[in-house]
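We give structure tokens for two forms of one protein chain below, kept apart as structure 1 and structure 2.
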Structure 1
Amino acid sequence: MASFDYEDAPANSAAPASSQSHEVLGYDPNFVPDSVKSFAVHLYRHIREKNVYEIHQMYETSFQTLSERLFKDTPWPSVDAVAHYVDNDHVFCLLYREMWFRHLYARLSPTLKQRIDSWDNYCSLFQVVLHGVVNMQLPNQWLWDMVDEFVYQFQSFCQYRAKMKNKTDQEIALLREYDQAWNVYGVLNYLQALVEKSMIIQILEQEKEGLEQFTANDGYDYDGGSNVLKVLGYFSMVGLLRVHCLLGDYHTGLKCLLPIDISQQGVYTSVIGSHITAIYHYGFANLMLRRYVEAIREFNKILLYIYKTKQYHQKSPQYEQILKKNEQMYALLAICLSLCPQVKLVDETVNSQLREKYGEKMIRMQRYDDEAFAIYDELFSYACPKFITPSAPSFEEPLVNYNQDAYRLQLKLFLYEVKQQQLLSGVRTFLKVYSTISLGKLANYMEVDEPTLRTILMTYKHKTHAVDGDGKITSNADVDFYIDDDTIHVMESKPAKRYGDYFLRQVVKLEGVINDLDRIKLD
């Protein structure tokens, strides 16, 4: 590799070079500091030699350090400036550009042209991968980030495009010309293609028979092949779940995730970002499908996991995102538990965190008055995904901003559902107090007539009995009942005494007492 004469860049050259820069840009995209040249050269070599560990170090740490030090508010050097250090390797340049754009989105605001260029880069990158000519092994973290960023930039583009009011003529012209960029069909079809071409669904199936080692090897290929297509295909399933949630299609989203068994560890848990994204959207989709118990279970598990492990991610660039999603999931859990009270499903640690953050609000939510609806609105709006309108704007009408439309629709339908469940909380309170009660009496207490009470009781039954994908009915109710003519019989699933836990504690306690006794010396 030819070495180039370059003056060492001063340690804090965050300020753009003056003479060579385009005044418009405020920095010189062709200026390559020594450290960047070294970074590119080494990363290129490690990729060629398939040193996954070193690639991961450079990708996770070196890239962040250099960004922090040299590119706090400017982009990295352009790929053209870097290309000749890496043999103008086509694939490396695509990878470099992918990181380049990701950095741009994170630190700066992309222009429309840059958004379009990023789309082109993803297309080229995915096409190369789909043609099966890639021979690299890349760390799962990077491969997840590609899919995650791809969906994120799509969401960002839809939000951007929907704000038509202040668009310049130039921007509108560009939008009309490049109507394929971040087109919803393109996005979905690329993700779908990655899933299909990688045969990941079949691989996961065959794994159950012991015919494949995909999960056991964390997705890596130890037979001299490449992990890129397979792992991209795998993470694309999570990507599809996310896109479908953004569109409001929760049923299909869950179907896309189905090949991944979330009751087990898997490649999706090998990267914390993918783990959280998968469960967050899984839980949210179940919430919208009224499968509250399922949502509560999964939120509980992941919140406990984050509680125990977040200290290890403090230095990672994903830390802020992890914390944000953590807070959002507590809000969603508060919503689920207010709509579907459950005592047994939440771990003590999670429960105490939940009480701290939302204890007050949850009490008010269960009153189902106007204040309660306002809190449901607030929590839902805080925690929900950034819904999008996928269709292209109409350029003819008076230009308006319609970026909030999708969110407003989902919120409206959610609150509508909450309102339908308004009277159930009252029923529950009474059912907890009686073992049998006549319809007449309960109607009196609730200040409604008998026919109305019958409809309320049927609503309670209908809303607390969730229907899963196979049509199977499960009761989510912690307090249940049946009616015999005109008498209500309450069936309380008694919070069964946790004998198991009790005995475990006593065993440990007794052992402690015996040890103490042993230590006492009798004269």
Structure 2
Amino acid sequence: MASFDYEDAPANSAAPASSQSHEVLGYDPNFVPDSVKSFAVHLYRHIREKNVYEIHQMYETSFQTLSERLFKDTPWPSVDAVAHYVDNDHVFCLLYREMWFRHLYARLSPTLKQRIDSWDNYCSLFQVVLHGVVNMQLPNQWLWDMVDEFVYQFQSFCQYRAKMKNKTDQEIALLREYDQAWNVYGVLNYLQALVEKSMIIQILEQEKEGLEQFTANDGYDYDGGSNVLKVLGYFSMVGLLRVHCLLGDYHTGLKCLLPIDISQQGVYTSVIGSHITAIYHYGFANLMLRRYVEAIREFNKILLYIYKTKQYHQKSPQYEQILKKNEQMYALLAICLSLCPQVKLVDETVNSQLREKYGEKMIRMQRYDDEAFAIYDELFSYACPKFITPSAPSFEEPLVNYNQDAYRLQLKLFLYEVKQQQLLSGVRTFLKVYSTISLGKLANYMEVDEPTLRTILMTYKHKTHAVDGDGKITSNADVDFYIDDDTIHVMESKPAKRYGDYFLRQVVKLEGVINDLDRIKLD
């Protein structure tokens, strides 16, 4: 039901409307069909009884079915119309409105007032979770969708607000009046508050010492407590990574994700949307910080996982988004491998898919001519997050659109980095051929003088090393070297062999053979 990064809907916001009114012909916000009454009553009962299985079924299946059948191009009935069927329960009404707005964003174009009302609803909902007594168990899918949608609506609002050219006087007046709505500090503060109040970082630390069962229980509380704050805090770390990536602050984003060990299965892998969002942004941030090996490793793992499991998600409302993110990550992997040719890190299945999609382009990208830069530009533009400018617009005339500014800046920085790599492709080609070569000879081959060659070799060292998350300098180079006197000694880096993976594969094969033998009935 949630988005990952779906396209921003065109703004349809001529008149300020209340959150429940909508200029859809024939739509009556106060009319509640029997099936919706039944849905609300049953969902309310299951939430009160903490029946997570039933809540999940209603949330994932019933809500989708009703939306498809009755509300394909209209909003759901207003919360006021539904409230008296659920004892006017304050928390349930906040949850209902959260779904109401999410459906509105997915199917229609929210007005400016509706965007503001949705912000107010999130504030109220998170305030209850942070400061109230929440005695509920909700499915991980729903809790992830809340965080995901919260960040998406923030991104959507920033994009919408940055298109100032065609704004009406009424809209400008509303933007001035509600200048705190979807404020970047407010968004970051709520996500950070959920992380801190949930004590999730401490819980994950204690789990390493065997004192907690958070991951083993998939975040659920089987002692009759609530999972809501803890799991929202957990997913907020992924939300913070995404927000910081949208702002172009990759260091801070990765720091926010540090408590989650992404080399292991975790609660974030229990929801496909959360798994993909975490790895997509983690990989992208590492790409922008020149940690290509780390990006390649994680993109390879998630692309292999999607390849093996996507058939199970065909009926999921997120299926299209899974496919879109899959394609974007192949484009990012193509960029990483062009800048850092470490194909040994990529599984054969992923590599054959990559060659099919981008084989030709990757060969052209190695040339570092104008055509190559155009391909880098194209792949980056297709696969990057939708960057945002979080600051409020200038309301002075003339009003201008600045929604593309952040994207253009990140693209410029990326292409500047690619241009710097241009010198290195020639050096790499020669280093791959020789085990030792004199500086004079290599300078001759490259048609440069020796001081220039030394500069190029220093640049190569700099560009093929990056500072990892622990502050250590690591090499991304498939070919490395050192200089002794005037001789270059070349070393080809060999990836560490993973014997464990090899044995596991052999064990699985052996089990398959034993199963086949068991099926054979001997006379």
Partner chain sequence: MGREREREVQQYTVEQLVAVNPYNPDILPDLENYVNDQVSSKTYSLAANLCLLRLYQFEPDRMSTQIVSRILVKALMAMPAPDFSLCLFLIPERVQMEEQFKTLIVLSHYLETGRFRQFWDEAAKNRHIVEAVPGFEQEIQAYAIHVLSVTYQKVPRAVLAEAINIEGLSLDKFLEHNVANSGWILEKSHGRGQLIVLPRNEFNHPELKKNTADGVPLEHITRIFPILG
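For residue numbers, the reference is structure 1: its sequence is counted from 1. If you superpose the two forms and keep the largest set of C-alpha atoms that fall within 1.5 Å, you have the rigid core. Here the structure is a predicted model, which means the values were calculated and not measured.
- Annotation: structure 2 represents the form predicted alone, while structure 1 represents the other form.
- When the rigid core is held fixed, the Cα atom of V448 travels 2 angstroms or more between structure 1 and structure 2.
- Comparing the forms between structure 1 and structure 2 on their rigid core, the Cα displacement of I483 reaches 2 Å or more.
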